[in-house]
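Take a look at this single chain in structure tokens; it is the form predicted on its own.
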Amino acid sequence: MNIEALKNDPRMPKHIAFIVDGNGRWAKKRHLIRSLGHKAGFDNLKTQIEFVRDLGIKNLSMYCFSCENWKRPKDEVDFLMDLFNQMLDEFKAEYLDKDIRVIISGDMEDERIPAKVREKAKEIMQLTKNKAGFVLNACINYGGRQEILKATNELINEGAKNVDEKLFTKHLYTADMLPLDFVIRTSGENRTSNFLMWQSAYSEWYFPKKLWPSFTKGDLVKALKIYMNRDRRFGGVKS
């Protein structure tokens, strides 16, 4: 695995995203409770975040909890909220002395989210808002349709007229991020699941069959090589 060669390849994406799917199935295959699958997925996410940074990729988005995930059993949701609380604590402990900006995309005013998680999310965003070396976007209580509606209502309330893409994009959670190049959804599911719908309009997608906790650095390198060998034409023709 020649990391330096990858880092210096001009075809490398600048913004990638993970849909971290398959934690529960990973646990089930091992006769474990689902919560242990989420813990294993969280541990792998930390590993992958550092690897993405090492590769020189500038922006990473990750789908942690969707608006629809509230339908899951209460004990599972409670465990996930505890994981998010731990994750935000670790972001604060590890990232404040590094050039890393943390963005939390999603409705963090939702009172179903524990107050400590909402407060920590706002705190880490405030503390890192002026950093730009690497941008980490954690999507919690997020939905792509909901984000589009949020932006639309903000524009209506501002009395905006003749809205173009540039103005609309300023009202998205990802307004300060680079265009989304590549989305990886693990576990073999071939759905976009309401994730970054506006941002991914011209993104490349990849659907490996591996469950998220088993998705390795080598798997990410394989995915990136597949991305770099695709011909991105954005509606045009091959030159």
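Start at 1 and count along the sequence shown; that's the residue number. This structure is a prediction, so every number in the text was calculated from the model and none was measured.
Although not depicted, the form predicted together with a small molecule is the subject of the following passage.
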Among H171, K210, R34, R53, which has any heavy atom within 4.5 Å of the small molecule in the model of the complex? R34
Counting any non-hydrogen atom inside 4.5 Å, which residue from E123, D82, D107, E76 sits next to the small molecule in the model of the complex? E76
Can any non-hydrogen atom of R25 be found within 4.5 angstroms of the small molecule in the model of the complex? yes
R72: touches the small molecule in the model of the complex, heavy atom cutoff 4.5 angstroms: yes
Under a 4.5 Å heavy atom criterion, is S200 part of the interface with the small molecule in the model of the complex? no
So, in the model of the complex, is Q48 in contact with the small molecule at a 4.5 angstroms heavy atom limit? no
Taking 4.5 angstroms as the heavy atom distance cut-off, pick the stretch from 53 to 61, 201 to 209, 186 to 194, 172 to 180 that is near the small molecule in the model of the complex. 186 to 194
Verify the flagged residues I19, H38 and F65 against the small molecule in the model of the complex: is each one within 4.5 Å by a non-hydrogen atom? yes
